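First come two forms of one protein chain, each written alone as structure tokens, so that there is a structure 1 and a structure 2.
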Structure 1
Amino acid sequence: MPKISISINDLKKILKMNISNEKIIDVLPRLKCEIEEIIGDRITLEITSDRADFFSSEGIARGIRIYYGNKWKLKDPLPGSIKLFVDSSVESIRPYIVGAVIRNIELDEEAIVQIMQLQEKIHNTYGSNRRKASIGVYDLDKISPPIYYSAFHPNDIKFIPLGYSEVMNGYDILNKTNKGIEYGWIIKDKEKFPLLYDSNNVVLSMPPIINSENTKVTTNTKNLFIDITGTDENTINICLNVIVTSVLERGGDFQYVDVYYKNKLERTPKLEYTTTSLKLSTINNSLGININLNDITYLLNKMGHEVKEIKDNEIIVISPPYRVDILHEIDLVEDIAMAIGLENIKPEVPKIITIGKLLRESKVRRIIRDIMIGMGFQEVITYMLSSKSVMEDKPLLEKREFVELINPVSSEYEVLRDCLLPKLLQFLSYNTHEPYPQKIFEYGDVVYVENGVAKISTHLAAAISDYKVSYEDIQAVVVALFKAISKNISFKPYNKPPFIEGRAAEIILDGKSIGIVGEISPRVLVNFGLEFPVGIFECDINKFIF
């Protein structure tokens, strides 16, 4: 889940309430903001990926203010609009763009930090690592509207990228800038690159890579232009809603941008409220409580919603434009539960008397867990969902077909894992600060695609990371494991990534390959940010037990 850092003093400045630090800290968990640490004036929070409106101080301040009884109201837009013209050349690259203007705003250093943090967290979640949506924020007073969005050959693109001092062309930006190296994969195979520029040919940005230095936002900026380009029109619209409503918490007013396509005109931002039908029975059955309509109205108000109508046992609820996570009535039930406080909902013992027993699979798992723990390994559980970067790019594994989510909340959770090895390497990368040796294992399901059909299997994987680890160390673990379950195995040389050539083998049982074991190559270690050698094995439990 995304982690953000906010300033308590900045939060109070936006809140404009006489409120103690204790009250702020008390309410944060009820807003699904988990406190990681507090050091001086700064709080580090872990935010669920669906709550993009909490990715910065502005949204959190709004949430606290509403929780303590203040209502939120969308400002009326300023008259007039800015024109943005979209050329047909971007249709096969990044076909959609939205925009907004924020005028008369006061920015200090912390405000800029929070806006940039909000921008990057949205990139990494709803934006699928900038692939589906990428955001640009500019000083409007350095721009001469109308604005144009078109595509050009990389050699014809020339501007100074943000944070640099020399003019670069499109190829230079991909190869020489940090953002180009990190995100260049999105457009590098295109014949033309997208470009945003004004009526004086001043470049604003080369989406989705980098903004220009000429339109940089500073503490002297009074008026902002915001654009979001992408491949999914709905995604960029909801991202713009979050950005605009968050920035407005610092003051100022918004103005529309008229986006002219070849055959249509779109006025953005589309700050529309969401209407959801909520049944009383859904609330009571989901939470196991009996709650009356007056209490429901009060609790929904605390979370920023408004009850528009009550008919029989059905409640019509209006949610503000920044609540882009409200997709179903169960999302409102969750908000009610958070407003009540999970600690105030008493658990209920099921009114069922039955005799249960372990499944065969559970017995096998228990035996293997006991063996691995007995050899000094610690069990870990990683997410079934992952990214193609973790599953393919970082471990240098071949491109292959995955079960993919059509509309993932985050680029971190776009595919179902088909093996455990990359997930263990990722886990180790998160724990480089912990003492060594590190010995971990996971016993869990994977989903792979065979002849176009998704299939589930159960895998076991284990890894050792230490100042000195060899192939022999991890092979000895494999031998001991299979000896303990009375299976005779052999090994066959294996010379493919992610292992060092000559330092890996297939695990063979009854003439069939059931897994791999080896020492991870230095290139893969670097990709995962690992400093010490790693020995790892993975085997398909279904191939020799179930």
Structure 2
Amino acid sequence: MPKISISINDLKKILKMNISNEKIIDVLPRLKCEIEEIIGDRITLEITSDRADFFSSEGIARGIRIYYGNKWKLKDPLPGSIKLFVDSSVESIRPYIVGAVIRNIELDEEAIVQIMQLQEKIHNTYGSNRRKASIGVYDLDKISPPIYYSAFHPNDIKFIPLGYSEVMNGYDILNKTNKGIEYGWIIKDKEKFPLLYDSNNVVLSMPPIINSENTKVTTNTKNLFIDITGTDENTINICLNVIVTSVLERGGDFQYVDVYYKNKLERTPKLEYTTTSLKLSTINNSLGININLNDITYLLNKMGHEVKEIKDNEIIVISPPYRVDILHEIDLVEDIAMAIGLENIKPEVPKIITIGKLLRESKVRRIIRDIMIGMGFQEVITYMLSSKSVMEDKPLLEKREFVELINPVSSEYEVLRDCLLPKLLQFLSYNTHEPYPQKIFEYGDVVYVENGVAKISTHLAAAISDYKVSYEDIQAVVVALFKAISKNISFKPYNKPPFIEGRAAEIILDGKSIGIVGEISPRVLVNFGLEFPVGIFECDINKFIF
């Protein structure tokens, strides 16, 4: 979930209402803004990723103001518009763009910080790390409209990127600037890179990487041009709604941008309200409450929604353009729950009579564990994720297919174990300084690959290690275990690693091999750094119980 930082003073400046700090701190969590930390004037908040309108202090101020009974209203647009021409060369690279103008605004340093933060958080969430949507904000007075959006060969792109002092070409920007290194993957395979520039060929930005230094927003900026480019038209439109409505909370007015595509014209920002039909029964059934239509209007207003019409038991709800998270009437039910306050919804234990039951395998697990404990074995648990060398090389086991991670974070955890035996040897290897005898067992799931399909099985493995351990010592455990669960087993010689030849056997039940038992070969012991002999067995519980 995104974390943001806001200033209480800045928040109050935008709020334009008389409210105590305590009241602010009380209301924030009710609006899903979780307070992480308060240091002096600054609050760190964790915002839920659906609420893009709360990614900066402007939207939060609006949320608080509305919660305390004030209405929100979209300002009227300024007359006129500026033109933005889209060249067809961007179609296969980054086809869509929307834009907006905001005039007569005053920005202090905190305002710029908040706009940057809003941009960044939208990039990371709705923007899919700028791939799907990336935002640019510019000083309009440094630009001469109309504006052009087109793609050029990287060698033909030349401008000073934001935060740098020298002219770079498209490749230099990808290779030398921080943003280029971070986001270059989005366009680096394209023959041409997208570029936004004005009628004097002044470059605004190379989306989705970086803006130009020449069109930078400062505290002297009075008029803004905003653009969002991307691969999904709906996403860039809703992101623009959030940005424009947020910035307008600081003052100023907006003006449309007419986007001319080859064969269509789009006027943005769209700033459309959403209409949702909400049934009274959905509210009462979901929340287990019984409220009337009047209360619902009050509660919806508190969260910024308007009730347009009520017919029978259906409420037609209008949500403001910045509420891009409303997909279904159930989202309005959540807003009503938040307006009521969760502490005012009385918990009730459901009176449903059901019979609790364990999975059969959990019952089996309890029985087998008890038997092993009875034989004096210490239970251990190891991770299902394992290093491949522990599973294959060290125990000299054959090469085989594992469920293997494409993106492991450590070579210790790169495959899912398909047996437990190597994990027990690894466990013993960490405890060579501990008094012997050591008797350990693990009961757990393994995952193996069969014809390209991952299969789960449950295994039991146990090991005895001491100054001397014989085959019989561990074989006796196997015999006792199966006797205790009323199964008749026999043994069949098994001459494969990790065992000493002639000192290992397959465990046979009903003519089927269900496990192995034996003395570990010294070659394997040395690989695990073990100096005491080990007798071990492992059996596949699924082969004889489930």
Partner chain sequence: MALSQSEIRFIEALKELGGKSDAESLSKKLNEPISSIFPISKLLEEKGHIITKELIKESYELTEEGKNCLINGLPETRIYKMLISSESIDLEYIKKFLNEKEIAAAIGWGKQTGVFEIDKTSKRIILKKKEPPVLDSILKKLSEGESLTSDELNKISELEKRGLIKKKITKSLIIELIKDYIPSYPVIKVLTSDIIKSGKWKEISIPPYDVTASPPVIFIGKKHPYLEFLEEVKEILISMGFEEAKGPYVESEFWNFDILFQAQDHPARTIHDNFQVKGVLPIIDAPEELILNVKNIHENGGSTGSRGWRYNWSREIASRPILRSQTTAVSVRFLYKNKTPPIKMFCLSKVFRPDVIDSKHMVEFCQLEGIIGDYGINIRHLLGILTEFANQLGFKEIKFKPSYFPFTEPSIEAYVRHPKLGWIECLGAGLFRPEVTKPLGIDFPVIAWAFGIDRLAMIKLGIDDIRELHTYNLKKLREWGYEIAKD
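Every residue number counts along structure 1's sequence, beginning with 1. Heads up, when I say rigid core I mean the largest set of C-alphas that superpose within 1.5 Å between the two forms. Because the structure is predicted, anything quoted here is derived from the model rather than measured.
- Where the criterion is the form predicted together with the partner chain, structure 2 meets it and its counterpart does not.
- When the rigid core is held fixed, the Cα atom of residue 80 travels less than 2 angstroms between structure 1 and structure 2.
- When the rigid core is held fixed, the Cα atom of residue 253 travels less than 2 angstroms between structure 1 and structure 2.
- The chain behaves as two rigid parts between structure 1 and structure 2; the smaller one is rotated by 43° relative to the larger (C-alpha superposition).
- Its Cα shifted by 6.5 Å, residue 363 is compared between structure 1 and structure 2 on a rigid core fit.
- Core superposition places the C-alpha of residue 505 24.2 Å apart between structure 1 and structure 2.
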